[in-house]
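Before any questions on binding or motion, here is one chain by itself as structure tokens, the form predicted alone.
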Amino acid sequence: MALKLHGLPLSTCTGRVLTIFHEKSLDFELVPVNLPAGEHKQPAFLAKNPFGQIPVLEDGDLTLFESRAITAYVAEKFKDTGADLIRHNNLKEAALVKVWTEAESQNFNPAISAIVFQHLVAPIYGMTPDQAVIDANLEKLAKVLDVYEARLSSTKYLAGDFYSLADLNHLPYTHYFMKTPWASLVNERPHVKAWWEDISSRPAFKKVAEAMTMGQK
């Protein structure tokens, strides 16, 4: 039975899961969720995710929500298929994957997601971007990227000299961020830039990025 993913290709969180599906060359069914119509707030969807958010994964009788939890599950279940994204045979490397996955979730994501929302998402919903919010989070993101620059000066990827879940989880939001006027925050840091160009050129993400067209004219 193929994995069933409820979500939208434009969504960063859906994109995160789709990327790991392609990294693992998995069979899956994408079930579109009509967000403008409020389908994610209807009882049928809330039975799958009581928080009313996408994506939701159904794998047989198991239902999961929260994209990072889903990618971790897929990485573990299919650890012997495709790229080893969790380094399951090396305790030290596996621990570093967890460290940098948390760094993305707790430090990188809050700042970059606020910028992307204000610049790209708010106008779609008829809201005026709040430049004060953007500026405050650009400052936060710059500090995170300084840490990344230092780290990536000694390792090719965040957890070590291997591509992992820690890198993959950065892809969707950075993809959209690079469409904003502040892409220089990445480009002016040579090791971060090289890392971004590397991970964003992987065939698995290139397939996903084709449908991530928010902000394109």
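A residue's number is simply how far along the shown sequence it sits, counting from 1. Here the structure is a predicted model, which is why all the values come from computation and not from measurement.
What comes next is about the form predicted in complex with a small molecule, which is not displayed.
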item	value
The small molecule in the model of the complex: contacting segment from 22-30, 148-156, 184-192, 60-68, heavy atom within 4.5 Å	60-68
The small molecule in the model of the complex: contacted by all of 119, 131 and 175, heavy atom 4.5 Å	no
Partner contact for residue 200 in the model of the complex: the small molecule, 4.5 angstroms, heavy atom	no
Close approach of residue 180 to the small molecule in the model of the complex, 4.5 Å, heavy atom	no
Heavy atom of residue 54 within 4.5 Å of the small molecule in the model of the complex	yes
The small molecule contact at residue 209 in the model of the complex, heavy atom, 4.5 Å	no
